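Below you'll find only one chain, the form predicted alone, shown as structure tokens.
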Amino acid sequence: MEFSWPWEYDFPPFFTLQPNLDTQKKQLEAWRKLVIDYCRHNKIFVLDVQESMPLFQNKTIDRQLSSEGIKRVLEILQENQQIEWCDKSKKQCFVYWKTPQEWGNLIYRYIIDKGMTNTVCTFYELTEGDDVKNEEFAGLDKSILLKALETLEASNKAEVIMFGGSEGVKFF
């Protein structure tokens, strides 16, 4: 299924930070929603802000958001706890259309529904295995998976373990 761009994406002023603060606030909110929807649709868990992305440039109307505009959008996403920087240089960030706790709860609900408590699963099985290919968490970035599993550890629902060079998790 192809991504459905919002109407603003074909509106040239959308790609220029608006000087009126009320208008800019609405514009940045539309960008925040667009980034989250785009990343969810395309299962983008880590956003590389150095990389050229169709998200911030519309070739059809020959417009692209300035680096200052991208910076402001990312600030709004961070204020809403929807991104977390991976590095101090702010070149990559985790994108959270679900928080790590929400991912953890989703995975744990799957484990309960499948009767898999008191079992051990590898990280691969949880994100790439045949049994999970239709689950929302299929393909989940390993770093975000680990953050999600840590939320389950904190509530004594799981324990992350290392075995034979592989990472896994035991569910309780």
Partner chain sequence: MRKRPGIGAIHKQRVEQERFRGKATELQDNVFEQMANQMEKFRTNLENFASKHRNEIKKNPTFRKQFQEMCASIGVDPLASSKGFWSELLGVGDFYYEIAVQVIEVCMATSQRNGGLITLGELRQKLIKARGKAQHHQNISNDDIIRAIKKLKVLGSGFSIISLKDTQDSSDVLIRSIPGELNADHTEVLKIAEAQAFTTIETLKCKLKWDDVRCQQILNELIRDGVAWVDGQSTTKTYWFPSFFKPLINEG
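The structure presented is a predicted model; accordingly, all values stated were derived computationally and were not measured. Numbering follows the first chain given and starts at 1.
Omitted from view is the form predicted together with the partner chain, to which the following refers.
The partner chain is not shown here, and in the predicted complex it never comes within 4.5 Å of any heavy atom of N156. Contact annotation: Q27 falls within 4.5 Å of the partner chain in the predicted complex, judged by heavy atom distances.
The shortest heavy atom separation between Q64 and the partner chain in the predicted complex is within 4.5 Å. The closest heavy atom approach of D10 to the partner chain in the predicted complex falls within 4.5 Å. The stretch in contact with the partner chain in the predicted complex, judged by heavy atoms within 4.5 Å, is 56-64, chosen from 128-136, 107-115, 56-64, 39-47.
Heavy atoms closer than or equal to 4.5 Å to the partner chain in the predicted complex belong, across 16-46, to the residues T16, Q18, P19, N20, T23, K26, Q27, ordered by sequence position.
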